[in-house]
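Below you will find one chain, with nothing else, as structure tokens; this is the form predicted alone, and questions on how it binds or moves follow later.
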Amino acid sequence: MKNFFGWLGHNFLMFLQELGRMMLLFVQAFLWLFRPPFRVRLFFKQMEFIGVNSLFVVGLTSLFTGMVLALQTYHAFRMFGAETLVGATVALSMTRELGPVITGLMVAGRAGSAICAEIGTMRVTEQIDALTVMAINPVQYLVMPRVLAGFIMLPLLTIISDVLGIFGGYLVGVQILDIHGGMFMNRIYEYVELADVYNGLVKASVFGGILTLVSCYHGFYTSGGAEGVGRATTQAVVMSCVLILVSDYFLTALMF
């Protein structure tokens, strides 16, 4: 029992230490937003890497998520004669929850892992130390553009995710399950409000900040050579996904 509480206390202290270092890294990156030099080219490069290069995987995942959601809800609503509510259900699910969450998870797996591996490799090969020697702040050069790009690009990706998810639901509901197209769209206009879309985009922005910050943090403090890079990348993806799902609950409780 004593060993158990010792293990629990040790891990809790380690968690607090990591959380504190992560917050300090975020504060440093935030402060560098307002201090020159402003590396606009790096920022746009990260916007392309995190956002544009994730379009295919996010779009494909969202399309089939909307299709599956329409198929499942149709069979449930048919028992109550409420098939026309499939459109509203798909749209609300995508805009409020599935759009932001799926986008965050997909980008964490695709871009977050690459960010951590890239920065981690720079750490173990002493390239970050070389930046410091050349009077280039590594937080401003490596972390700030990625975190800012995550905040901005995730909501834009989520808009595409929402549209494709609803389109997938429309294809299945109207073209395959023979729901009246006008009723399908009318229920969306009736039940979905702009606040649902805005709150989903706020979630996406938070998720973007979380996944980029966690990925940069684990890469920035990587140690142990190539094995350490692999371990840090795994930890970054797992922690990003867990934090996205946990924060999604609290954001939902506050917004809706």
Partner chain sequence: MEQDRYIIRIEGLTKRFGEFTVLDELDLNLEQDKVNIIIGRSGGGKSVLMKHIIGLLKPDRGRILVRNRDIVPMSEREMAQVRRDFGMLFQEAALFDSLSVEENVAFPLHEHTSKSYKEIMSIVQDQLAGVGLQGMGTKMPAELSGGMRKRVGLARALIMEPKIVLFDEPTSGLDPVVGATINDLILRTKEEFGATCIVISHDISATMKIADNIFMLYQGKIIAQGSPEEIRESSDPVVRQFIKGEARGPIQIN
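Because the structure is predicted, anything quoted here is derived from the model rather than measured. Residue numbers count along the first chain shown, from 1.
Quick note: we don't show the form predicted in complex with its partner chain, though the next part is all about it.
Here the chain stands alone, but in the predicted bound form its contact with its partner chain, taken as any heavy atom within 4.5 Å, falls in 121-129 among 121-129, 149-157, 99-107, 176-184. Proximity of Phe167 to its partner chain in the predicted bound form falls outside the 4.5 Å heavy atom cutoff. Interface membership of Met79, defined by any non-hydrogen atom within 4.5 Å of its partner chain in the predicted bound form, is ruled out. For Leu171, no non-hydrogen atom is located within 4.5 Å of its partner chain in the predicted bound form, even though that partner is not displayed. When contacts are judged by a 4.5 Å heavy atom cut-off, Ile136 counts as touching its partner chain in the predicted bound form. In the predicted bound form, its partner chain lies within 4.5 angstroms of a heavy atom of only one residue of 38-52, namely Arg39.
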